[in-house]
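Given as structure tokens, the chain that follows is alone and in the form predicted alone.
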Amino acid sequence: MPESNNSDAAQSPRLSSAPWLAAALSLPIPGLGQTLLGAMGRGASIFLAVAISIAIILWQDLASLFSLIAFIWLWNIWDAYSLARGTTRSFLPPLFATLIVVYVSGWIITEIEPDKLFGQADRAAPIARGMLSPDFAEQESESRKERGAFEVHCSNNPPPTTTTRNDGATITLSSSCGEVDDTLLVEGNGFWPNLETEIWWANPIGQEQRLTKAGEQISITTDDQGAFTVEIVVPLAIPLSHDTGEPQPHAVQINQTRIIGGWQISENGWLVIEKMGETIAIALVATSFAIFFAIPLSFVAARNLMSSNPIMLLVYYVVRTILNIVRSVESLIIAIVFVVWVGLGPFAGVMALTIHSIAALGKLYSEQVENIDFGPIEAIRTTGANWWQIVAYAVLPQVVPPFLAFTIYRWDINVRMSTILGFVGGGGIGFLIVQWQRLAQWEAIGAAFWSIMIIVALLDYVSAKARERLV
């Protein structure tokens, strides 16, 4: 920025005639010379810039940035000298230097590592696949699980090597007992033909695990007669610390699933539909509750209606302050409080959104009340009408359409907010997403994401059209 004459500052006559004295005063305390020259805001800004920069550098141990402090300090001396001579320097150089300190510190504090973003992109692949293949619909199918008994640590009476199922299918093991890491040959006959088949292991307490070979899950395809042969290794299905040395009944498990009909909504799909309905209901009920409290609060939070006497003005300030405080607290934090208070579930979510919506709508409504035409109010007031009559006949007719528009807009916002309340136990679709994320069920999460996007987009369109007609 170009230099300019500083004719407005109330300068000290002594400093104005001694520019070097002003510069010397800014040497030990940045901004002191500017302050004594009458530029108090400028002096305070320079002092804060230096103080904040030094604090950040010491906090983050960024000794290499002290050169920027030296630059700001020297600029401050030059600026005091110039100001005493009636010239104002551009504040951009010290501002940029301070911003560099702030942003370098912010970069370090937030642990930004671009190499992880690109070098570990493969970790996001399962999520991307889940988004592209959401588990919302599936073809009608049937499944079967057949087990062949196997004993870890051989007893005097091990199970037979061949197990025959009720439908005639057989599972034959090369040995019906053995130790961990033994190799087994598994032969199956009479299974569903030409079908991908998974090999699992079941331990004595009913836990099942998919068997792998060379790091890949074992999957084979049965032949035309439903037969297969596969080689497996006995897994460590029970930790060694729990192994008493006694014979334990395990089993080789054969899993098959085949398509028998058309498409249908999957189990996870029904869960998504149920929880999306719960999410919309949370938003709807919370918005409805909030309206009944926000409307009366909005009138006492409108300055033009509450300035007729000191008591009403005090009430205005109290209500407006409360609304601002509550509105500043994120609904997710409020939800945590209600989860502890009333327990997990949608009720906690409804209460959290209700409290936040009362504050938000109260502020929006009150601002609309403050912007109304004051003519009708004065006209009705001259008739001797009381405060309630003024509100009923002069205020309400002007604010009903914008109130409806704000309400619809808030419901739209609450639908979006309620989708994440489940992350802290507030019910809705977010609760499912948290559970599926822990289980790495990315296809189910994909179904939830797509449902959220579609529902939110539809509601946004509907609410926008409704607001257009009301405003």
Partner chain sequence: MEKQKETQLVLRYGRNVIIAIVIMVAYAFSFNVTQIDLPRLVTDFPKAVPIIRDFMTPDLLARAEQVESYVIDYPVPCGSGQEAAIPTSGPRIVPSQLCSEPKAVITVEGFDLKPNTDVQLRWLLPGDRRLRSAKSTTDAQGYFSAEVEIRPIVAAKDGNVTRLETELQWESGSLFPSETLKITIAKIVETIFMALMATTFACFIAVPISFFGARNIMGRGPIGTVIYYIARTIFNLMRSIEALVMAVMFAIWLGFGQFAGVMAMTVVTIASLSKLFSEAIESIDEGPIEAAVAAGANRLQAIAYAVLPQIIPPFIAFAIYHWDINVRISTIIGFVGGGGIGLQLQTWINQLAYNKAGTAVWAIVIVVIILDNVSSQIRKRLV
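Definition used throughout: the rigid core is the maximal C-alpha set that superposes within 1.5 Å between two forms. Keep in mind it's a predicted model, so treat the numbers as computed, not measured. Residue numbers count along the first chain shown, from 1.
What follows is about the form predicted together with its partner chain, which we do not show.
Under a 4.5 angstroms non-hydrogen atom cutoff, its partner chain in the predicted complex lacks Glu367 among its neighbouring residues. Although the partner is absent here, Thr110 lies within 4.5 Å of its partner chain in the predicted complex, judged by heavy atoms. In the predicted complex, its partner chain lies farther than 4.5 Å from every heavy atom of Lys145. In the predicted complex, its partner chain lies farther than 4.5 Å from every heavy atom of Leu37. Residues placing heavy atoms within 4.5 Å of its partner chain in the predicted complex fall in a single listed stretch, namely 437-445, out of 398-406, 437-445, 64-72, 26-34. The partner is absent here, but in the predicted complex a heavy atom of Gly106, alone among Pro158, Gly106, Pro376, Pro193, sits within 4.5 Å of its partner chain. Of the residues given (Val152, Met351, Ile238, Leu184), Met351 alone sits with a heavy atom within 4.5 Å of its partner chain in the predicted complex. Contact annotation for 122-143: residues with any non-hydrogen atom within 4.5 angstroms of its partner chain in the predicted complex are Arg123, Ala124, Ile127, Met131, listed in sequence order.
Relative to the superposed core, Phe91 undergoes a Cα shift of 2 Å or more between the shown form and the other one.
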